[in-house]
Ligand code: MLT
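One chain follows as structure tokens, the form predicted alone.
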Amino acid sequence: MNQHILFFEKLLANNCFSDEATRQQYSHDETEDIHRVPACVLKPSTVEEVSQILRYCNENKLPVTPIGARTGLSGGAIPLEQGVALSMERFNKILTIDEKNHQVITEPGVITQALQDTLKEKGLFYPPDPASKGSCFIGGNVSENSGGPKAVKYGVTKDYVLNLEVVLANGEVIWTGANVLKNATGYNLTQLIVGSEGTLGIVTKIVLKLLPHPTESLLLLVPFFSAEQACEAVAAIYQQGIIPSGLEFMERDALVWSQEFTQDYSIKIKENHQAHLLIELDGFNMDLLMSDCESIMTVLERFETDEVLFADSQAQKDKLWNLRRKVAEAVRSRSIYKEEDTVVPRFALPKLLTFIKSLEKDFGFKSVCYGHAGDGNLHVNIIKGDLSNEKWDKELTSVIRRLFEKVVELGGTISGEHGIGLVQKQYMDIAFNSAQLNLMKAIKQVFDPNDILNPGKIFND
């Protein structure tokens, strides 16, 4: 590897790192406790540098793992040992904001919230808002097709990507589409790259469509005496013809643990509160939002709920959203755990939750569930707690496989927004048959015949 590092040092000057500390730093993301130490870490800043790196790696069959902010939860940014970790953090510029056409061209290393805040100053809105938006990169969002709470009304990352500049495995640079809202010209390469987890090419520029930024919002926190009823209420709200901009489910322990983690006890949780729905409405006319809010309250009368909290200030709205966004960190701080990113049709949420609780009894573990209930995306945290290492190691895979089989039986799939990466690839056979998997592998072969781009991800071979 030494001769290869010499090439990279000559190409990138002070942005090739082979020291132990840097290699360890880039050996993991937020996925459990998995580390794979790369041979070197490269930090290019131009498309020409990325092109030369990939051309060289392709000729020498060196594995390359694209790395963003390392906030992922499926191991997509964990590099192969002795491979190249290609950090995109120096691609950190917002290049063009086209206010007339409601578009932005950005590099992939821009932090998602920084992009959103910059656009908001101009009255523009990029809706996808993953929980890690304050630290994740927009390029990582493209790679994983990220969602977040606002996906229920506005869609996920793929719904906003118009065009991508991509460096292919052989170093060739292409644009995948056009900067237009409609495009029926040939295969949709743009959407093929979105969600491909860095296995087909390296994204160096992103063109996003934008919306006008909503000027009004309402936020409600609804306590339920039954978690299953909270799930049932989700579909009932939509059947009323209301489309919230956020509809989040939090099982009791999810909110309690988040309060303890943040030391924010401003929300009273009673002993008989089993779950909460956090419901947001947004738009441009407060009278219309209030009308929708009244309709939601009418729907909720069918269910056993306690007093609904209406956030009466922006500060209270921020507190409620912070509690929701901190749930994952709160769970992580409590125990060894395994988080699964299940998604089912929203009407099937009560059945999924009931099944999860039956799995708890069968296997003797604890679960904490929360997520984007409005689009059927339930994050299932399997908690190790006091389970022995032997039982945890022996039975966890069986638990997950049974969970995913039920999810697919209910019409869902095994990942809504976290991706497959390294840790979920062994379950791909549940979601896809051999014909589907072979077709995906054939696409990978066309883009990357030497299998240098993020190898070992998505497919279990």
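Worth saying up front: this structure is predicted, and the values here are computed from it rather than measured. Position 1 is the first residue in the sequence shown; the rest follow in order.
What comes next is about the form predicted in complex with this ligand, which does not appear here.
Undergrad: Can you tell me which of 392 to 400, 429 to 437, 411 to 419, 32 to 40 lies within 4.5 Å of this ligand in the predicted bound form, counting heavy atoms only?
TA: So the stretch in question is 411 to 419.
Undergrad: Using heavy atoms and a 4.5 Å cut-off, decide whether L73, A131 and H372 all contact this ligand in the predicted bound form.
TA: Yes: L73, A131 and H372 each sit within 4.5 Å of this ligand in the predicted bound form.
Undergrad: Of these, A328, A169, V110, I267, which has a heavy atom no more than 4.5 Å from this ligand in the predicted bound form?
TA: The residue in contact is A328.
Undergrad: Can you work out which of E339, E165, D282, E232 has a heavy atom no more than 4.5 Å from this ligand in the predicted bound form?
TA: After the contact test, the surviving option is E339.
Undergrad: Even though the chain is shown alone, can you say which residues of 172 to 208 have a heavy atom within 4.5 Å of this ligand in the predicted bound form?
TA: Going through 172 to 208 in order - heavy atoms within 4.5 Å of this ligand in the predicted bound form - there are no hits.
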